[in-house]
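Below you'll find only one chain, the form predicted on its own, shown as structure tokens.
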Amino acid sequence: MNLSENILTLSNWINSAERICTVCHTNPDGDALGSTAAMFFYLTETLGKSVTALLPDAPPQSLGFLLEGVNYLTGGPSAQEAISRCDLLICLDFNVLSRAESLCDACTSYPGRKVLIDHHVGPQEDAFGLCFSDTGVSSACELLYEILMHMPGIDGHAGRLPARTAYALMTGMTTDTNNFANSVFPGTLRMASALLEAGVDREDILDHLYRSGREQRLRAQGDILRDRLVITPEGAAVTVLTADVLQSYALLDGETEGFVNIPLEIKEVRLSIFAREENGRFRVSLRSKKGTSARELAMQAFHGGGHEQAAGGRILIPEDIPTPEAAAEYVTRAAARFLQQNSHRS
């Protein structure tokens, strides 16, 4: 099917569904929560549908503003039951069902109509009855924007979107582009322009995202950059925080978001890796400059994937490292080896 046929099918599926669930990936970021909120308000305010948004785990407090007014459940039996009882399941901002982690089994076994809306490489197309996948957009929010622009009743007019849908779309796109610093396409700027014309308050978004932090976060960021950042001769910036170190800084969930981008301000740094221990393993974020693939390293060393310049993964204990204290050496060696092997690309 082509795009117009897919959108017609999606519209028909939505119209015939009485109970709709959306699911996003584990450790939800701004794009996951933005697309979740945008879809929720479109379905409820434009079409009057009954919708439950499902999160595999708790959202970071710093992004909680996106979920104001959203009916959502976080993991557990209630979320799994909601999936089993819904008429339509819409999966947002992940390419394979395993990214839903605690909700993966419920999503996999769900026998009904299942839709994917995502922008990552390698979508698990055979797991979905309808698949919208495009790596040539900045974010899931940008892809969802393009889909909604073609839905009946919207017909290409951003001003016809619910205000909270437009706001969430702009927010998710802003976070996934690091405020237009990466992964920006012509369509990204067209989307931003249309949403601004529709009345989205971008200053309010920026206030929430970048101007509402705690003093403790800023002080911890300075300490981490001074004491925990290691730069290798190959041009890798490595920051590893074990659980006890994180506790010593008294950081809240989500307050290390964006730390991985800072070392890329250094001219000689080609690759930045930020790893933090949580739930008995390390969550790894990777960012790189053009010519160095964060995605390849995430796939090779961290059980992950993503985009060329923005990727993620994890380090498992004890499968990859025997103890949390071994994480820093593991990450540093993996980064140095990768950059040495790929030095001809830079």
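Heads up: residue numbers just count along the shown sequence, starting at 1. If you're wondering where the values come from, they're calculated on a predicted model, not measured in any experiment.
This next part talks about the form predicted in complex with guanosine-5'-monophosphate (5GP), which is not shown.
- Although the partner is absent here, Lys49 lies well away from guanosine-5'-monophosphate (5GP) in the predicted bound form, with no heavy atom inside 4.5 Å.
- Proximity of Gly313 to guanosine-5'-monophosphate (5GP) in the predicted bound form: non-hydrogen atoms within 4.5 Å are present.
- Taking the partner from the other structure, guanosine-5'-monophosphate (5GP) in the predicted bound form has a heavy atom within 4.5 Å of a heavy atom of Gly306.
- guanosine-5'-monophosphate (5GP) is not drawn, but in the predicted bound form it has a heavy atom within 4.5 Å of Ser285.
- Not one of Arg164, Arg190 and Asp204 places a heavy atom within 4.5 Å of guanosine-5'-monophosphate (5GP) in the predicted bound form.
- For guanosine-5'-monophosphate (5GP) in the predicted bound form, the listed stretch (298 to 306, 39 to 47, 65 to 73, 52 to 60) containing residues with heavy atoms inside 4.5 Å is 298 to 306.
- Contact annotation for 236 to 275: a single residue, Glu257, has a non-hydrogen atom within 4.5 angstroms of guanosine-5'-monophosphate (5GP) in the predicted bound form.
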